[in-house]
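One chain comes next, on its own, written out as structure tokens in the form predicted on its own.
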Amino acid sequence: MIEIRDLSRTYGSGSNKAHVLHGIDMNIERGAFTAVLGKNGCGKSTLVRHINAILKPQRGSVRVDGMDTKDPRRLYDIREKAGIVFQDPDSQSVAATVEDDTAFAPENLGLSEDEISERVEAALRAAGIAELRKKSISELSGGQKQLTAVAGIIAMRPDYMIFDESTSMLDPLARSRVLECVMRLKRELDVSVIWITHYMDEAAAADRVVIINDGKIAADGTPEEVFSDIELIERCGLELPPCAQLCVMLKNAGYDVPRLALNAHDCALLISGMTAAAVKEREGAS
């Protein structure tokens, strides 16, 4: 479990001092898919960089399976437990080919050649890019580069996978492929996923949604609970997922919408049910 207690951080000094995080308290359980939302500059990325020990708490503490991120002796253990994929896949490429890039992290763990080979093979298959193993990184599309970055993290076999706006530079098809890959990994490997995004439809697929606003936790609950508070969503400068927006539009147009739907499947079922009810009502009236 990841335990965050009274986490606070400031940048700058004097008149330029900016408070980025204010007393954050939260736990992240093993096996959960947690989406972290918030407008630009709210502190999302700063928060998750503390989990991976890229940043050390100025006040408060962060523990990853009991290991204090302030303890320099546990730095590599923590980063082996909690891998992170950043926004720009080019910034993470360290080797010429997909296979060599995937092998980089396990090689730095000091594993045997057989273990490294086994991990790389499993990671490439898990990320769905085994056929690209000999490809040059420079020949890949943006989505393929990001999946290569995902494979590199998988090869470390972390218990927690952090994605810091990892789909923000991708087209919709590539975004969908990366998200599907991560959700499959979460199910099959029982890893925790911490997913920072500006895309509300991605957050709607999570088990839990946390909204950071002005460095504080403004909401923490299931997607249904969080997105049902429309005033909160607007106050935090966010939008509802597209399907939920459609539900609100229908309700504002006078239709009896019993609840918000957060994905296309649920939205279709909801509208189908509303249509059937309307037809039944008309038939009863006639």
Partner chain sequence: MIELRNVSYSYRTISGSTAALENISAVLPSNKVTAVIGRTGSGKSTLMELIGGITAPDSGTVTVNGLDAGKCGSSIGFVFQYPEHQLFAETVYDDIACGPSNLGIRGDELEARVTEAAELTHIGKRLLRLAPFELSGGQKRLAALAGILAMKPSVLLLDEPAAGLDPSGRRLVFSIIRSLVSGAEDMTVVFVTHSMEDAAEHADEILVLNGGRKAAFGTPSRIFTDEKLLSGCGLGLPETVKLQKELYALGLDPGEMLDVPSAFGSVCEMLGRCGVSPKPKGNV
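Residue numbers count along the first chain shown, from 1. Computed from a prediction, not measured in an experiment: that's the story for all the values here. The term rigid core refers to the maximal set of C-alpha atoms that superpose within 1.5 Å between the two forms.
Note that the form predicted in complex with its partner chain isn't included here; everything after this is about it.
A.B. asks: Hey, of 63 to 71, 213 to 221, 253 to 261, 27 to 35, which bit sits against its partner chain in the predicted bound form at 4.5 Å between non-hydrogen atoms?
C.D. replies: That would be 253 to 261.
A.B. asks: Decide if the three candidate residues 51, 126 and 202 all line its partner chain in the predicted bound form, where lining means a heavy atom within 4.5 Å.
C.D. replies: Answer is no for this spot.
A.B. asks: So, residue 18 and its partner chain: in the predicted bound form, are they within 4.5 Å at any heavy atom pair?
C.D. replies: Outside the cut-off, so no.
A.B. asks: Evaluate residue 193 for contact with its partner chain in the predicted bound form, applying a 4.5 angstroms cut-off between non-hydrogen atoms, and reply yes or no.
C.D. replies: It does not: once its partner chain is placed as it appears in the predicted bound form, residue 193 has no heavy atom within 4.5 Å of it.
A.B. asks: Can residue 39 be called a contact residue for its partner chain in the predicted bound form at 4.5 Å between heavy atoms?
C.D. replies: Residue-level check for residue 39: yes, a contact with its partner chain.
A.B. asks: I'd like to know whether residue 181 contacts its partner chain in the predicted bound form, with contact meaning heavy atoms within 4.5 angstroms.
C.D. replies: Heavy-atom contact with its partner chain at 4.5 Å: absent for residue 181.
A.B. asks: Which residues in 218 to 252 have a heavy atom within 4.5 Å of its partner chain in the predicted bound form?
C.D. replies: The stretch touches the partner through 237, 238, 239, 242, 243, 245, 246, 249, 250, 251, 252.
A.B. asks: Align both forms on the core first, then report whether residue 256 has a C-alpha shift of 2 Å or more between the shown form and the other one.
C.D. replies: It does, since the residue 256 C-alpha is displaced 2 Å or more between the shown form and the other one after the core fit.
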